[in-house]
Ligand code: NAP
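One chain comes next, on its own, written out as structure tokens in the form predicted on its own.
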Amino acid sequence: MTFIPKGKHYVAGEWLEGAGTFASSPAHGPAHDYPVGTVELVNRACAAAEDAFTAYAPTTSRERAGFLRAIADEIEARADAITEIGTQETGLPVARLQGERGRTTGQLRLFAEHIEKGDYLDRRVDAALPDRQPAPRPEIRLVQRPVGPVAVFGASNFPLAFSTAGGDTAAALAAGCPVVVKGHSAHPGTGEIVADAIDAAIRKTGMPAGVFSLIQGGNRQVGEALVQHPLIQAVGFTGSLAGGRALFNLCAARPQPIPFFGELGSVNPMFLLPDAVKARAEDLGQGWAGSLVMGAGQFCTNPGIAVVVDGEDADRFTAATAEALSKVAPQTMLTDGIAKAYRDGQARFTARNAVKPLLVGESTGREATPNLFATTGEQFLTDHALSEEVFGPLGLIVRIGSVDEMIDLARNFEGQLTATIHMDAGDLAIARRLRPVLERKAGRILVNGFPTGVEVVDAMVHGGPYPASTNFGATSVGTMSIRRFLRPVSYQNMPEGLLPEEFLG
């Protein structure tokens, strides 16, 4: 059955119209009209979230786990409709949407298991010492408590896993925080279906209606009003550096500043050590090309830069990469805006005399073809624009003169989501010098792999020093991401009947 969208916002259990409409811009298939968000809707959703917090925060971990599992079940019940509208809106292939849906439901169920174990509460008890001298010590207990209503911004490049019921929403709901989502205008229909699934789960499990709201996009004022609303206590964001920094500044300028957990992108440099390149230059080039064009390069972990010592082995690596990229057909990008930004990024590289074009593809409309460039370490360090992310299948090879220069180049990178070391056994001494440098630059360090593909597990860190993210101590993927929406509270000399339920189980 073909999905026909309601074309409405979802606010605290009600489907509401807006003051105006905007038309979706699908890669293929019919366009639909959706309501434009308003400040009034933001106020309504935030007030409902605050009311819901009173009832939702005290729910047990088991009750919230049941709610998360119900959301996952309801998303799966709408699988065909999600795939249909999702592929139309984004241009992503069916297999990608199916895989992302599995990741979305999987992380909801992972959080359910995580909170049922109870470790996330970090419960601590220091017993009273009434006979301690020179003064007695009171009993002190500590537990993590939810912060309050959370704002979540849908991401353009992940219509499911980082959007309406994505990782930020799952973590906040698991923590006990109601969520207000600003939907992304690139995939409003996908967001609407997922909101419908959450609505069904709310009704099935008896959760308060205000625990979730979706306000569609189409108006920049909605995002600004959301992060500035006094009832919002934290923000989860995945998007551009410029947009994220603007929202971060608004959060910091509030009378009550709040944490802004923004994941803002990265060039994810790879460092190819000499023995590895000598032994397998062709395999490394082909592997990099495959990672570079995956999803038309529209992953925040896309490895856009390869650093290699100049010489014949670097020539082999370069040739293999260029050959593999030359065989890649044009790919549809997620939005017209992203496609234009990719073309602008390509033009930025081709305009530089210090950058050598190795493979230049013609990208038109919403289609993107791969591009490959090369430069020297010296030129890279003197031109900051070369280290800025180009969102799409564009790679830059930085050829340096020595291992020492490679280490120095690594020290000059800004914060990254990932950094990769390609090495063989003979490269161990160099890798030992490089690893501590990269630890200060990235949230995840890989060896002999490619970063496109983020496992949703307990040990994952998807974040890094600024500008990769706005909070280097946080992750937006994995169970540790729940910490963003919790705060520790100590209870001193608290009678048992007054303690939170988390201490009584």
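Start at 1 and count along the sequence shown; that's the residue number. Note that the structure is predicted; figures quoted are calculated from it, not measured.
The next section is about a form of this same protein that is not shown, the form predicted together with this ligand.
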Query raised in the report: Where does this ligand sit in the predicted bound form: which of 259-267, 172-180, 310-318, 366-374, heavy atoms within 4.5 Å?
Result: 259-267
Query raised in the report: Taking S24, T90 and D336 as a possible spot, do all three reach this ligand in the predicted bound form with a heavy atom inside 4.5 Å?
Result: no
Query raised in the report: Taking heavy atoms only, is S185 within 4.5 angstroms of this ligand in the predicted bound form?
Result: yes
**Report entry** Non-hydrogen atom contact G426 with this ligand in the predicted bound form at 4.5 angstroms
**Finding:** no
**Report entry** in the predicted bound form, E405 touching this ligand (heavy atom, 4.5 Å)
**Finding:** no
Report task. Would you please decide whether H462 lies within 4.5 angstroms of this ligand in the predicted bound form, comparing each non-hydrogen atom pair? Result -> yes
Requested in this report: Name the residue from T105, S213, T418, N157 that puts a heavy atom within 4.5 Å of this ligand in the predicted bound form.
Outcome: N157
Requested in this report: Select from the listed residues W288, Y342, F271, F162 the one whose heavy atoms reach within 4.5 Å of this ligand in the predicted bound form.
Outcome: F162
Query - Contact set, 79-117 vs this ligand in the predicted bound form - heavy atom within 4.5 angstroms - result: none
